[in-house]
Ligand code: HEM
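Just one chain is shown here, as structure tokens, and it is the form predicted alone.
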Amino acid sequence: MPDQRLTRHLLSDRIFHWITAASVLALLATSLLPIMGVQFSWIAVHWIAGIVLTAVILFHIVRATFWQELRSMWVSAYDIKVALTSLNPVGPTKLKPGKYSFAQKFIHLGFTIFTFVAIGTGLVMMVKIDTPFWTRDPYWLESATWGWVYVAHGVSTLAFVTMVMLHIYFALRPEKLLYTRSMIKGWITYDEYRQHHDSARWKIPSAGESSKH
């Protein structure tokens, strides 16, 4: 049936996505708004959001490693070929991606790289603030080393701003709303699956089976 609902994202995946999104937005707001002149007590909110992000990313790594298929997010030669053929509106019959398109995999790769940079440098920078767990030590690293930490953390912040804007823009495009809905409700229809995905590369599980990432 064309309107039959097929699971695209399990509840645990959707919860992870929205906690990650909330953490990233909180981190961006608390880091950029003070620079723009909006003054408030932001340090505690910033590092707590950073700890939350670190925890959910660790959860995701463990889950993706042992319960999902890591290779489903690798950018393959076929993904690039699909992306290139989609750029030619008068070319031959368009190829279809598997569960995730080249663009989705590419931005996932970008988020992965810059999340690791942000978390790594952010955890190091936490030694310079007082927390319930330790007293600040601003001399833990030399000044020049701290400078490189700040640069890496700042670059990751700017990358996040760009990627979040792109992510929101494409999520709100009419032809992409089915994916936005699936990240909220978890499902797409069989007709959407047939139109947008290669069934040989994203196989719908039989009744009683669970869909891997």
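Residue positions are given as counts along the sequence shown, with the first one as 1. Note that the structure is a prediction, hence the values are computed from the model and not measured.
The following text describes the form predicted in complex with this ligand, which does not appear among the structures shown.
Participant: Does at least one non-hydrogen atom of Val24 fall within 4.5 angstroms of this ligand in the predicted complex?
Facilitator: Yes.
Participant: Please run the contact check for His153 against this ligand in the predicted complex: heavy atoms, 4.5 angstroms, yes or no?
Facilitator: Output for His153 is no: heavy atoms all beyond 4.5 Å of this ligand.
Participant: Flag His108 as yes or no: does it have a non-hydrogen atom within 4.5 angstroms of any non-hydrogen atom of this ligand in the predicted complex?
Facilitator: Heavy-atom contact with this ligand at 4.5 Å: present for His108.
Participant: Within a 4.5 Å heavy atom cut-off, is Ile43 in contact with this ligand in the predicted complex?
Facilitator: Answer no; every heavy atom of Ile43 is more than 4.5 Å from this ligand in the predicted complex.
Participant: Please identify the residue among Trp134, Trp140, Phe116, Tyr78 with any heavy atom within 4.5 Å of this ligand in the predicted complex.
Facilitator: By the 4.5 Å heavy-atom cutoff, the listed residue in contact is Phe116.
Participant: May I ask you to choose, among Val38, Leu166, Ile61, Leu158, the residue with a heavy atom within 4.5 Å of this ligand in the predicted complex?
Facilitator: Of the candidates Val38, Leu166, Ile61, Leu158, Ile61 is the one lying within 4.5 Å of this ligand in the predicted complex.
Participant: Along 157-194, which positions have a non-hydrogen atom within 4.5 Å of this ligand in the predicted complex?
Facilitator: Going through 157-194 in order - heavy atoms within 4.5 Å of this ligand in the predicted complex - the hits are Phe160, Val164, His167, Ile168, Ala171, Tyr179, Thr180, Ser182, Met183.
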